[in-house]
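Shown here is one chain on its own, the form predicted on its own, set out as structure tokens.
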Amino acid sequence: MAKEVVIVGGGVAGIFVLRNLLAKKDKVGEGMHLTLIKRERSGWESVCGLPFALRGWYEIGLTEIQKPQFFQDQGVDFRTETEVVQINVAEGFVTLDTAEVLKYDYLVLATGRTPSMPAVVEQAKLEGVYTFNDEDDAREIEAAMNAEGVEHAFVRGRGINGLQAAVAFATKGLKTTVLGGPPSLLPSALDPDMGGMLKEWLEKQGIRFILERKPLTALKGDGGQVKSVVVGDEEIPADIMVIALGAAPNADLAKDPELETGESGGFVTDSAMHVRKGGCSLNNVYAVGDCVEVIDGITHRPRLSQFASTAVVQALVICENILGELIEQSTLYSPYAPCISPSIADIGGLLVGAVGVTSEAAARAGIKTVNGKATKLIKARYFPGATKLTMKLIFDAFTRKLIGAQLVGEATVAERINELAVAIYAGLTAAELRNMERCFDPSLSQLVDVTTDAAEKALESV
């Protein structure tokens, strides 16, 4: 009899579990039937592409990579606008909001995240206030920002989503204010000196920042529509408002209080991504993506890593472990390693990247650090596109091993972050990074790379 695999959630985490299982479905001798259940209307949606649609680069509809029918044509029971209201891991079934009961042999929880919302905003109950978490949010924001008479925008939050929304508003010509907190932008990824470079770049695009310990004390409206916000004792015009204060894991959607969650609120899993219950791993229940707590590869402490790139790796691990049980004579097995969360974002034309820990995160974990920072052109100065790149490298002060890296520039950031992620995994030291032989062509690179300079400055600081 075919094995039943039920995936709860159709974001990038759930979709990649589905895609990977589909790719090897024919190798399962007894057969495998796949069901995916999601609340949204869309199929495979590229949520990371939505901010650029708001900037007018393309239509929002183009971010739907594959429609539900694509998966249904491959035999997947792909259910949209449907919710799971109960999970019974003891008896192996889920109950849907339609009252239908689905039995499973394997269950994958890809339940995602829920955007945080300040109490003052919930209490105001005004139109024109949005989160920025999915396609539906993007469509509502797009309609609101293009409405007649909209001139002022307000963003609460200084993470990637909030800043990208602010850029979209500024691009549209709206007078935009961002309320964050001290000392600078993207504090989970960038040290203040690097975040300050991003702030300066965005200020030149007309975005105002309030990075002080000032509370959002009130929202004021007219006819049920937001018109202004009060920050401290200042009233700021706001015809549209986006709340981007981060998101909590949707671990409570499992409706089973015995499934273990950690201090971050995400599901606790073992190295195979099995969910835990009562201190034991459930060998046929997995969790993946934004709803999962990970172990930091540097501090070895639990945290969240709500990135699509994290979800894709976890999805591969889950698929190999399910298929390892179902395919005869299979040697498939994958453990999920501690997480260093390489990230990259285009924010108003400036690229920011980070991997590993910030200086502050290291200090909180009791890790003493040394760092080196350098700014350099990415290629010979006489070639077109010779823009500047600033790199900050963070090393363990005792071992001199690389534990964090941050980049700000207009080009070559993504590939360098990937390189530095490998360097962290390999345990490379400042001296090894400085002495590493590198390729050279004046049209593509510098003879002495910015990485070499940053590592050298870290060594000089010792």
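Treat the numbers as computed from the prediction; the structure is a model and nothing was measured. Quick note: we count residues from 1 along the sequence shown, nothing fancier.
Another form, the form predicted together with a further copy of the same chain, is not on view; read the next lines as being about it.
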property	result
Close approach of Tyr336 to a further copy of the same chain in the predicted complex, 4.5 Å, heavy atom	yes
4.5 Å heavy atom contact, Val317 to a further copy of the same chain in the predicted complex	yes
Residue contact check: Ser343 to a further copy of the same chain in the predicted complex, 4.5 Å heavy atom	yes
Contact test in the predicted complex: Ser309 vs a further copy of the same chain, heavy atoms, 4.5 Å	yes
Heavy atom distance at most 4.5 Å to a further copy of the same chain in the predicted complex, all of Phe383, Ile417 and Ala426	yes
a further copy of the same chain: the contacting residue among Ala144, Val313, Leu377, Leu282 in the predicted complex [heavy atom, 4.5 Å]	Val313
Position in contact with a further copy of the same chain when the complex is considered in the predicted complex, options Arg39, Arg434, Lys401, His33, heavy atoms within 4.5 Å	Arg434
Residues in 13 to 30 with any heavy atom within 4.5 Å of a further copy of the same chain in the predicted complex	Phe16, Lys24
